[in-house]
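The chain below stands alone, shown as structure tokens; this is the form predicted on its own.
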């Protein structure tokens, strides 16, 4: 069937896996955005820059301190969470009672500052970051050979995404988080420390961006533009899934990554716009997104 279209099964499988890998990063990053918007009502345009900062954190840990990939995978998200605490406590907490536009402008400016500073000191060319030896080499799937590190990225992304969804949607802590954002006055009356929960929520979203940056470092070169090249796509994924929908961000991230991979097989020129075309169609048919809730 596919041979009649001039497409080999191996080419199709390869693009499907590539789409799944891209979808893993789309899902992980859009998850962080959805958590922050869904619980804090902040449109965090700095998410791409924080993702870039996570990749640079892994690079600095190795080159400056000799900390390998496994150490960076633990320490960088912790460091990014602390950066998130600083941003939320010193900047974002002043904007919660204002229009969403103020948070968007603040985080957009923060993204420009971070990217501009790293571009000034490290230029535009990427810097390599090797995958750990334990994850180097091929993985034979029978129908194709998949680099072991890419399989690792897919598995870690799935575990993180659905663990975060379970934490927020199916645990008491998640219920407290949702209650604290939907009715903070009532939550405080029950003795809940709402400001602390808001800070931890933003820190958790930033930590997810940091993890994605560490995972991406061995696949994509570490460079200051890696976040800005991705953030528009991530916002499109969040819009399609539904602003603030945790499950929507995960499912839509993987689905649109796979769709993008398939488009590269059947009509490559459209692969750069297919996600935005889907976003336009979804907004026309269902403005709240596929998993979003209307007003």
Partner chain sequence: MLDNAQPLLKVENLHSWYGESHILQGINIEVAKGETITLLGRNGAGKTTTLRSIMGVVRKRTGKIQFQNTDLIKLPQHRVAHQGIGYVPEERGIFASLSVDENLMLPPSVAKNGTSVQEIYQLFPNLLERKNSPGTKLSGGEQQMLAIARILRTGARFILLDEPTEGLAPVIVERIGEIILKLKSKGYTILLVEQNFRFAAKLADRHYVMEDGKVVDHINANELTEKSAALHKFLGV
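Nothing here was measured: the structure is a model prediction, and the numbers come from that model. Positions refer to the first chain, counted from 1. The term rigid core refers to the maximal set of C-alpha atoms that superpose within 1.5 Å between the two forms.
Another form exists, predicted together with its partner chain; not displayed. Remarks below refer to it.
*asked:* Since only the chain is shown here, I'm wondering whether residue 99 would be in contact with its partner chain in the predicted bound form (any heavy atom pair within 4.5 Å).
replied: Result no; residue 99 lies far from its partner chain in the predicted bound form.
*Do residue 120 and its partner chain come within 4.5 Å of each other in the predicted bound form, heavy atoms counted?*
Residue 120: no, not in contact with its partner chain in the predicted bound form.
*If you check in the predicted bound form, is residue 187 within 4.5 Å of its partner chain, heavy atoms only?*
Heavy-atom contact with its partner chain at 4.5 Å: present for residue 187.
*Should residue 178 be counted as a contact of its partner chain in the predicted bound form, where contact means heavy atoms within 4.5 Å?*
Although its partner chain is absent here, residue 178 would touch it in the predicted bound form, with heavy atoms inside 4.5 Å.
_Listed residue that, although its partner chain is not shown, lies within 4.5 Å of it in the predicted bound form (heavy atoms), from 132, 195, 71, 109_ = The residue from 132, 195, 71, 109 that makes the contact is 195.
*Please name which of the stretches 150 to 158, 178 to 186, 201 to 209, 120 to 128 has residues with heavy atoms lying within 4.5 Å of its partner chain in the predicted bound form.*
After filtering at 4.5 Å, what remains is 178 to 186.
*Displaced residue check between this form and the one not shown: residue 201, CA, 2 Å or over, core reference*: Shift at residue 201: below 2 Å after core fit.
*Using a rigid core alignment, state whether the CA of residue 180 is displaced by 2 Å or more between this form and the one not shown.*
Comparing forms between this form and the one not shown, the residue 180 CA shifts at least 2 Å.
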